[in-house]
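The chain below stands alone, shown as structure tokens; this is the form predicted alone.
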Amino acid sequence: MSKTQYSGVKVKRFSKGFVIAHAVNAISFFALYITALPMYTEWFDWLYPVLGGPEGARLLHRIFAIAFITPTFIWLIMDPKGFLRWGKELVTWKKRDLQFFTEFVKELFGFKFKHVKQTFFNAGEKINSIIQILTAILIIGSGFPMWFPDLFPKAVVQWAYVAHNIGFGLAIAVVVGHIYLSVIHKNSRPGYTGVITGEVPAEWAKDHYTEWYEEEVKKGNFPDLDKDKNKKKGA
């Protein structure tokens, strides 16, 4: 189903807490990356005047480092139910989650595929979340010895720089894939509105998160699209 085939019916996918947390996470991550570039290599020294010189870049990097830690708490405080659901789904894996990847590869490269029933987060999003958690731990954990070198042994500080670079390298790779799928890929980009407004096209949600959508229909929260289609056919 292409983007142009969707009706104007929207359903609520993400809470305001998630939307804000996602925005803070994205902005702070890219700000950290940009402010770190001139400190990492001389190729980006031209950024120093923009960032207020070496001291300005270092200060901005630390400010955004603090911001980078906050999204988890923002989401937890503003939407504890959604946060706990996310945590539960990350540790819940079924056979269909493995089947998802076979069909996902076909979809990614433009081949004919079938949707595998998924819950609120599909298997690909679970993997993305797990990798982002691990890289965040690596980045934040290594950041402390770099920020406060006097409090740690010299060897720990030296290895912290290595771990920090590895963490950001892995994180960038994951982010590039995440952006491609959410903004560029034709089958998944309709869901991009979810991280902006919290809402996504109903038909798209039903196709990609069938089990979750059907649960919401039973609760009376979402329209029964199949029932509506049958009514139109009988009219």
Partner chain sequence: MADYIKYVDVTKCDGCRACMVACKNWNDLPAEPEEFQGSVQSHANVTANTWNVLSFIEHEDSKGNLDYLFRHSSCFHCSDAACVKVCPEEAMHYTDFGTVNVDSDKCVGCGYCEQNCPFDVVQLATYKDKNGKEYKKAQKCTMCVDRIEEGMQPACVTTCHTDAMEFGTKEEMIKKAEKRLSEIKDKYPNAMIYNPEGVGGTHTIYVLAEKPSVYGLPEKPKVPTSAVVWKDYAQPIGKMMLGATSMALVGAFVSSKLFNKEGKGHEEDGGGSHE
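Everything numeric in this text was worked out from a predicted model, so none of it was measured. Residue numbers count along the first chain shown, from 1. Throughout, rigid core stands for the largest set of C-alpha atoms superposing within 1.5 Å between the two forms.
Quick note: we don't show the form predicted together with its partner chain, though the next part is all about it.
- Residues V50, F101 and S188 are none of them found to lie within 4.5 Å of its partner chain in the predicted complex, as judged by heavy atom distances.
- Taking non-hydrogen atoms only, K154 approaches its partner chain to within 4.5 angstroms in the predicted complex.
- Proximity of I184 to its partner chain in the predicted complex: non-hydrogen atoms within 4.5 Å are present.
- Taking non-hydrogen atoms only, P149 approaches its partner chain to within 4.5 angstroms in the predicted complex.
- Remark: W159 counts among the residues lining its partner chain in the predicted complex, judged by a heavy atom distance of 4.5 Å or less.
- Of the stretches 78 to 86, 102 to 110, 118 to 126, 136 to 144, only 102 to 110 has residues with a heavy atom within 4.5 Å of its partner chain in the predicted complex.
- Residues of 199 to 226 placing a heavy atom within 4.5 Å of its partner chain in the predicted complex, in sequence order: E203, D207.
- After superposing the rigid core, the Cα of P201 is displaced by less than 2 Å between the shown form and the other one.
- After superposition on the rigid core, displacement of the C-alpha of W46 between the shown form and the other one amounts to 2 Å or more.
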